[in-house]
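Just the one chain here, laid out as structure tokens, in the form predicted alone.
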Amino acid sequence: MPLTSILRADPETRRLDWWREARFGMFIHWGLYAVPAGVWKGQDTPGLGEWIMGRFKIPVPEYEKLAKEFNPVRFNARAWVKLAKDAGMKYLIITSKHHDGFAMFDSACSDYDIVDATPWGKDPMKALAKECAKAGIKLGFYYSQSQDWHDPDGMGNGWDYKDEKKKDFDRYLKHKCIPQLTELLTGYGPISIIWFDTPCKITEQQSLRLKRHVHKLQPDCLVSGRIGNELGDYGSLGDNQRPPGAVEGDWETPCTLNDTWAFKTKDKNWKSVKVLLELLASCAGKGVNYLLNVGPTAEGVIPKVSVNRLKAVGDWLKVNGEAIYGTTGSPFPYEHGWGRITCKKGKLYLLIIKWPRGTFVLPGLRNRVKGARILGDERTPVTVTQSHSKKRDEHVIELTLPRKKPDTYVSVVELSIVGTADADQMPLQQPDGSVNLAVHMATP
């Protein structure tokens, strides 16, 4: 069965319009955890860099000392936003407060924030809001609504605050969570998304309370699927998760450039440009937004390797962006071995990863094709031949393509079609003789 939307409420369509068009966004994980950068007292942290406090069960007073070392003198909001724009990203979401409880903005609720507790003493969210507005990039804030390892009433810290009976989560919501959300939603201009995370034991009523509060202050602001209790304005897949086929409803998948979200000195397992573009094509082909993360250093620098890869993705989108932005997923219920498919009204895009040596054959598309072209190569003609076997009700399209692959990574052929894309929903034998029996298409 296909993955279906988790939404219970029917969000206003206009609230999601820009998000459905965007398809590609930047995630930024930045906080005190950038100081140890994955190493605590000589030991490498297992797993994610931003979880270092939790992994080593670092006592609150000891972890707090990192604030005195956090001095991002090389932070440049304009450069960060320009990178997002150059990469072809349409929105930017940054950690305003992660599970460690440290506010990366000037909060009146607590002195445990970047302005009051660090030698830098500035609010980077103000600068980012200003630059995003100039660049036409939608700004969103990640906010850990349940886990707060610094607050006695927050969830997650069982090493400092061991007696669960003393914790009052409603008190935490009242005195920290909701006031800080109010600050974020009233002090930084229009906010596109509040990206909640790890709902843990939050109740449905508590999730609903947060959602209503966000929409009351900014009616157009989206609430991410990780608010808990299936109350998000759109669904959030698991970290680096890709569904096996097209999804129903509105979904986003957050992905890393290497193996962690926050900066880790020793994590060098960077995804190649080829892999990043294939992931972008795969997400778009399933109707899923692709939220790609960067982890800046404690000095405020996005690693050069991240910059170079994102710019390469942006160069590809300058040529092939119409096959990503504003598209819906493939009309076929299975993936093709040669690449992915996206759609718009009257258009079908073949995002070809494995370029054919001869004629390209696509069985199962029922629409009449009026013409075809290679994005970025208007001079090379593409011949289209269509056939239909009435006996087998089999539709086949053949394209005569140039021998040389137009793009190093993913080449795009646009088909102009009549009507909305319509494909055979049964598994069909492909030109190479294979039949894709996708697991998600099976019935018990």
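Residue indices: 1-based, along the sequence shown. As the structure is a prediction and not an experimental result, all values here were calculated from the model.
Separately, the form predicted together with a small molecule exists; it is not shown, and the next lines address it.
Engineer: With the distance limit set at 4.5 angstroms and only heavy atoms considered, check whether Phe27, His98 and Trp261 all reach the small molecule in the predicted complex.
Structural biologist: Yes, each of Phe27, His98 and Trp261 comes within 4.5 Å of the small molecule in the predicted complex.
Engineer: Does Pro254 reach the small molecule in the predicted complex, with heavy atoms at most 4.5 Å apart?
Structural biologist: The answer is yes: Pro254 has a heavy atom within 4.5 Å of the small molecule.
Engineer: Answer with yes or no whether Arg226 is in contact with the small molecule in the predicted complex, where contact means some heavy atom within 4.5 Å.
Structural biologist: Yes, Arg226 lies within 4.5 Å of the small molecule in the predicted complex.
Engineer: At 4.5 Å between heavy atoms, is Thr198 in contact with the small molecule in the predicted complex?
Structural biologist: Yes, Thr198 lies within 4.5 Å of the small molecule in the predicted complex.
Engineer: May I ask you to state whether Leu48 is within 4.5 Å of the small molecule in the predicted complex, using heavy atom distances?
Structural biologist: Result yes; Leu48 sits at the interface with the small molecule in the predicted complex.
Engineer: Among the candidate residues Tyr91, Tyr142, Tyr290, Phe332, which is the single one with a non-hydrogen atom no more than 4.5 Å from the small molecule in the predicted complex?
Structural biologist: The residue in contact is Tyr142.
Engineer: Counting any non-hydrogen atom inside 4.5 Å, which residue from Glu322, Asp160, Asp239, Glu204 sits next to the small molecule in the predicted complex?
Structural biologist: By the 4.5 Å heavy-atom cutoff, the listed residue in contact is Asp239.
Engineer: Have a look at 64-72, 27-35, 393-401, 374-382 and name the one stretch with heavy atoms inside 4.5 Å of the small molecule in the predicted complex.
Structural biologist: Contact-bearing stretch, as computed: 27-35.
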